[in-house]
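Next comes just one chain, in structure tokens: the form predicted alone.
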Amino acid sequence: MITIDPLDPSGPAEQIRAQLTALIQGGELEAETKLPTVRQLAGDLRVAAGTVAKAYKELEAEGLVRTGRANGTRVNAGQVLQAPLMNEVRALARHAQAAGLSLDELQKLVAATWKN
């Protein structure tokens, strides 16, 4: 499900946040899905619990998840991107990979065209 690349300059917390965001918005994690506990995911990924807690806190600030003591961390409803948009995103990713672009290069291209 989630992996950590030790060579990725974004760091583990950002990698966790970004991957969970993609899973939620892509519909792979449906509304009300319970995420692993901070300790469980930290152990699975071999990172500090604070790293996972930071990622979860950022997801909560973005409105993608909510955290409650008794219910744990769950995916909020209404966070899945519409299917046509997700299809376009997947196609863009495939084309970029086929062209030999890295994720960083693709992100820079998207950012450069965002305001145009």
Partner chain sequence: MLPQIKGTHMINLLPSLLVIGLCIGILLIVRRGVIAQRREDLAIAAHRGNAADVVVAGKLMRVMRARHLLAIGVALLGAFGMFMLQGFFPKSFGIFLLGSPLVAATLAMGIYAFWKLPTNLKADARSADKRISAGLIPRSTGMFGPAWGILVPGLFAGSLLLGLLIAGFFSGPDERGLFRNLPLTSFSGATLDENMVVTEISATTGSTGPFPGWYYGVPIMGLLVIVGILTLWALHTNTRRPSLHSAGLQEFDTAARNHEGYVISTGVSMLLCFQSVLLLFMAAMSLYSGAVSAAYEIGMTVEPGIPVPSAVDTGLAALSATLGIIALLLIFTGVALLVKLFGWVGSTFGSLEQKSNESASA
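Positions refer to the first chain, counted from 1. Being a predicted model, the structure only gives us computed values, none of them experimental. Definition used throughout: the rigid core is the maximal C-alpha set that superposes within 1.5 Å between two forms.
Quick note: we don't show the form predicted in complex with the partner chain, though the next part is all about it.
For the chain shown alone, residue 113 is not a contact residue for the partner chain in the model of the complex, no non-hydrogen atom being within 4.5 angstroms. Under a 4.5 angstroms non-hydrogen atom cutoff, the partner chain in the model of the complex lacks residue 69 among its neighbouring residues. Using a 4.5 angstroms threshold between heavy atoms, residue 23 counts as touching the partner chain in the model of the complex. The shortest heavy atom separation between residue 40 and the partner chain in the model of the complex is within 4.5 Å. Residues 2, 3, 4, 5, 6, 20, 23, 29, 34, 35, 36, 39 of 2-39 are found to place at least one heavy atom within 4.5 Å of the partner chain in the model of the complex. The Cα shift for residue 107 between this form and the one not shown, taken after rigid core superposition, is 2 angstroms or larger. The pair residue 107 and residue 45 is at least 3 angstroms closer at the CA level in the model of the complex than in the present model.
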